[in-house]
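The chain below stands alone, shown as structure tokens; this is the form predicted alone.
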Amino acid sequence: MSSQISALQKHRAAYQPKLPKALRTGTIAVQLGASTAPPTDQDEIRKAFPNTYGQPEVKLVEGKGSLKSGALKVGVVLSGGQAPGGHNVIAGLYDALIAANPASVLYGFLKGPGGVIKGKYVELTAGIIDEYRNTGGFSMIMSGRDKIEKPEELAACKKNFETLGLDGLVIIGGDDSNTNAAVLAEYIKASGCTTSVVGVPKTIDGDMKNEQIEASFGFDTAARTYSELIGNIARDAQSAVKYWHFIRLMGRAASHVTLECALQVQPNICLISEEIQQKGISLDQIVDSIVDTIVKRAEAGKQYGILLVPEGLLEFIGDIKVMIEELSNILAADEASLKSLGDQTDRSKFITGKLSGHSASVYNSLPAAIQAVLLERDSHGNVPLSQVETERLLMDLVAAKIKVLQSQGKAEKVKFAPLSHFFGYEGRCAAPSNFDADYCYSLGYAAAQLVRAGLTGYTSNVENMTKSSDAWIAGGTPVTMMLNMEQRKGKPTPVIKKALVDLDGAPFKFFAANRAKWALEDAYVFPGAIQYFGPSEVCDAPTKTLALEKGA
């Protein structure tokens, strides 16, 4: 790190994260529950994980147990995209190992799983770790998106573990990374190696959660960071009284971030992908609904507003999804013919002739720039939807619709002046909130106990987090009980199921019950910047999502 630190960093370095009561004692025991099974695809998952299938859930409690007390050698790796709190997981892991035996050693594998495969690591000492306590980012050991899945990669990891004499490896990552941890744990156990493999649930998208894992770490901080920015824009909108702000937020597979920000700020319009998919709402219907709110606000003298949209929206719109599937097939079959057409107009005409009638109509309704993007393919052969600026697409379609209405003598009071924003990387490396600082430290501390217990194929977890830390319960969830079979690269593959927004859940129901009021009124809430010092209800509160889910 830089030798120059801010006043905030100096004070945050002294912050001591809170731990569950059981982890604050000198005697920690493992309490085993009943054997577990995934909710679906049990035979396929049992076959894929014969050595780690059916393991019991674990609670960490006060009491004398059989945890290893000798010096341990443990590795840790950061996998995938950054999320606030990763450094605190490492700090909690280190502190727990040293508390159990000061001679223990922690190695940090560099630049993600690729470092585990290649054996690239650094010993993490107190001097290194102390510089990163309660800070954002993954810069201590950096991250990467490699996967440990090929036979030669698994074998290389096993060799490195044996060379280092590792008692455990802690993989800090999202659903794919924790699935990868399960694959590695199975391989290691089957091969007779004794290294424990433990995962930690990370992702700002909030989609790695279930009955055992209440939240993925980083979600709280990222959502608060985005909500501060949205609140600032809402205040600006009320001040300038002339702009509609279209704001796209991270979350390609699920809308948790967008929903949480809506609960915190109460914007005029918020689109939830899961609802749009369930109800079969078309792109035209989305545009009509947005225009309807803009017209009603204009008639009330309000030429401004806030709209939130998740980045993965297009993949949940039925007619867009069908069109994209048709496009993918056409691109695969006629790529050479398409490339021979240098002019975008000719390419669009060629594609339109190949698409079904409705898909051709949907394609032609899109702006030319979006049409061009949809004719490209990424390295996996897929249409690169991530390159589509959904907020700009909606702005263009809404503007066109308003012009049509005005040509018909309607929407005459509307003066539509849109501005677009995308909030993504701004939230991934923010200094963790007190909630994430505490949660992540506890996850790391718990992961150390799972390694000390010789457990493998588990994900560290903390439950009861709407209560005070004294009531938190730390433990471990067998990864196999979270798996299901999904099509990946054309074949069924065991993966942790992503948690989508539950339309029957309390957070969405609260949003749905209030959005009509938020649409027409200026019901904006201004959460402000993340607070690290002050009253507990300001500094330590969980997300609105978690509070509503737990009835807190």
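A quick note: this is a predicted structure, and the numbers were derived from the prediction, not measured. One-based numbering along the sequence shown.
The protein also exists as the form predicted together with another copy of the chain; that form is not presented, and the subsequent description refers to it.
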Proximity to another copy of the chain in the model of the complex, single hit among Q82, N268, T480, T456 (heavy atom within 4.5 Å): Q82
One residue of V287, I128, A156, M142 in contact with another copy of the chain, assessed in the model of the complex (non-hydrogen atom, 4.5 angstroms): M142
Another copy of the chain contact at S273 in the model of the complex, heavy atom, 4.5 Å: no
Residue contact check: G136 to another copy of the chain in the model of the complex, 4.5 Å heavy atom: yes
Any non-hydrogen atom of R235 within 4.5 angstroms of another copy of the chain in the model of the complex: yes
4.5 Å heavy atom contact, F423 to another copy of the chain in the model of the complex: yes
Region of this chain that lies against another copy of the chain in the model of the complex, out of 393-401, 160-168, 179-187, 224-232 [heavy atom, 4.5 Å]: 224-232
Residues of stretch 232-264 in contact with another copy of the chain in the model of the complex (4.5 Å, non-hydrogen atom): N232, I233, R235, D236, Q238, S239, A240, V241, K242, Y243, H245
